[in-house]
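As a starting point, one isolated chain is supplied in structure tokens, in the form predicted on its own.
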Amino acid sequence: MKLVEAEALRIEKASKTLWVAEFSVAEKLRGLPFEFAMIWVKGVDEIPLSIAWLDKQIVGFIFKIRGEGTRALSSIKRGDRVLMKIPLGKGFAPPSGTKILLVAGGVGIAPAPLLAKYCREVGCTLTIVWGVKSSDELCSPSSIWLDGVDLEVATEDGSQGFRGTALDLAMRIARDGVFDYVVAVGPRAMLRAFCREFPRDKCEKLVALETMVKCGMGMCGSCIVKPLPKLLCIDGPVFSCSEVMRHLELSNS
């Protein structure tokens, strides 16, 4: 983990619900898929965001406005500076030759570009299913570094791609293909349904969790994954379904 100062290059609304923030940093950073950063918007708040892409000295994020911190992030201008603790968390590093299906609901698409870059570098096969309510919530692939990626889209209203949810489409795709890992990222209700309903077969079922994160370094205990004695910022955010099913069942959100 490094504490770095970052300069805003691009802060823009990429769809009806999603924003993109891109920064330059003074040194080259490295990170694994599903690692995250704590971004300090000066004078407002420190917020955790999944790293969407890292390329030399460029780091990007995809986010949704959920509170004061993300609202402040969306309003900063090119040239403004923020502080970051980066990278944080335990990354997901599948071995070469594996086949991965990523099931993303809404802003759950955020870790996808970095996972796609990793797979190109090590030789994994990646299929991404992205589900939203309507097509106006989708970003263009080029705006979020997903050009040339095997990306399947599901919209609940049928306005683009498959009519249904990301989980509906992923289950259909899984019937016709074999995957080593299936990873779900999205709202807790979606993750709970994924762990209950997605067929096990020979794949490993994983979920990327969200919870309250205050320090990001395992010191404050705010991100405990109850009832487990584990912290999201140290042990996650990626966990197996069998490991966190009880945690998912404790919440109805």
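Note that the coordinates shown come from a computational prediction; the quantities given were computed from them, not determined experimentally. Residue positions are given as counts along the sequence shown, with the first one as 1.
In what follows, reference is made to the form predicted in complex with a small molecule, a form of this protein that is not presented.
Heavy atoms within 4.5 Å of the small molecule in the predicted complex: which of the stretches 102-110, 143-151, 166-174, 119-127 has them? After filtering at 4.5 Å, what remains is 102-110.
Three-residue site Phe36, Ile62 and Val213 fully in contact with the small molecule in the predicted complex at 4.5 Å by heavy atom: Looking in the predicted complex, the three residues Phe36, Ile62 and Val213 all sit within 4.5 Å of the small molecule (heavy atoms).
Identify, from the list Arg200, Lys226, Lys28, Arg66, the residue with a heavy atom within 4.5 Å of the small molecule in the predicted complex. The option sitting close enough to the partner is Arg66.
In the predicted complex, does Ile47 have a heavy atom within 4.5 Å of the small molecule? Yes, Ile47 sits close enough to the small molecule in the predicted complex that at least one of its heavy atoms falls within 4.5 Å.
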